[in-house]
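Next up: just one chain, as structure tokens, the form predicted on its own.
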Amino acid sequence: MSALSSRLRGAGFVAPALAWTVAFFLLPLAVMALYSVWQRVGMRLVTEPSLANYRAFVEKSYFLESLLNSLEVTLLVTALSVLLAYPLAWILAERVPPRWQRLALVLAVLPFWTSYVVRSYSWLLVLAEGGILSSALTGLGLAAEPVSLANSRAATVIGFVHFFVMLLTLTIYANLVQLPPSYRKAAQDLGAGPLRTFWHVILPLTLPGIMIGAFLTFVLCIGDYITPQILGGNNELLLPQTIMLQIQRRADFPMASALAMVLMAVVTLVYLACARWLKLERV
């Protein structure tokens, strides 16, 4: 087979994926970027390029506050999910017998089989006043009055963590099961105890799984609209909710596009930071 034929064949394999990416990612992104430099003045769409929407994002405090709220919630969810997922992944990889690990993984991913909206409303029933949590606390005498965590940042964080812990568990577990047992034996032969073996051998080798899971958690969490809307209510707005308000209440698609581009820029910066960090870890 000639070099030209090999290249054409390779291009044929790549073309469907490339066309899909262009049609459903690059083209919509370009349209959104174009809309972000237009303006809505009254009921009229002004197509003259301008940075007015981006200036409004910087000048109007509630836009910046929604971005800050999103970053705070997302970083908290990511940190809590990592701290909870690593021990769970460790138990699945090290303590559960190999013949039961597949069943344990199926049980771990069961939350993914439930509708995202159903999970959010289920947590609302648990955390609301008079819900399962409130009834349990009052029944045990730990609370004198009904307790409600619904419509708060705490409820949003709990709903997010419940979902993303499982995602991080899978990525960390995939790294843990690939570690050769000889690494631990070598560390023990060199006099390292369990804690030093974990800190200097196990943890560095599983960092790629942690970072991949953490990045996916960050991306999915910061762009999520459903969970903050259902569990957080309207007590504090995150950036996705602010974007939807621009569309639903004001029909200001240019401003919504500008906010979405800001969100895209944040995700891109986080990706570049994670990619660079992982590259340094592999050296």
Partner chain sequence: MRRPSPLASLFAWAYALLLYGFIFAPVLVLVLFSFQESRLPVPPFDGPSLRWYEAMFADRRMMESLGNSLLVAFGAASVSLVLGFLAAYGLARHRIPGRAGLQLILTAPLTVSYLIIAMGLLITFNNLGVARSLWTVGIGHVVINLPLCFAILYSQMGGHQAQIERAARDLGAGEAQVLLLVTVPLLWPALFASFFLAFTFSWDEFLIAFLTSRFDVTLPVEIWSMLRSGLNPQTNAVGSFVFLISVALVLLLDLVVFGRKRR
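Residue numbers count along the first chain shown, from 1. Computed from a predicted model, the values in this text were never measured in an experiment. In this text, the rigid core denotes the largest set of C-alpha atoms whose superposition between the two forms falls within 1.5 Å.
Although not depicted, the form predicted together with its partner chain is the subject of the following passage.
With the partner omitted from this view, the residue of 154, 174, 147, 84 that lies near its partner chain in the predicted bound form is 84 [heavy atom within 4.5 Å]. Shown without its partner, this chain lists 247, 56, 37, 46 as candidates; in the predicted bound form, only 247 has a non-hydrogen atom within 4.5 angstroms of its partner chain.
Contact annotation: residue 199 falls outside 4.5 Å of its partner chain in the predicted bound form, judged by heavy atom distances. Contact check for residue 273: no non-hydrogen atom falls within 4.5 Å of its partner chain in the predicted bound form. Interface membership of residue 135, defined by any non-hydrogen atom within 4.5 Å of its partner chain in the predicted bound form, is confirmed. With a 4.5 Å cutoff on heavy atoms, residue 41 does not count as touching its partner chain in the predicted bound form; it lies far away. Judged by heavy atoms within 4.5 Å of its partner chain in the predicted bound form, the contact stretch among the candidates 99-107, 137-145, 201-209, 71-79 is 99-107. With contact defined as any non-hydrogen atom lying within 4.5 angstroms of its partner chain in the predicted bound form, the contacting residues in 148-166 are 158, 161, 162, 165, 166, given in sequence order. Core-superposed comparison between the shown form and the other one: the CA of residue 21 exceeds or equals a 2 Å shift. Core-superposed comparison between the shown form and the other one: CA of residue 269 displaced by less than 2 Å.
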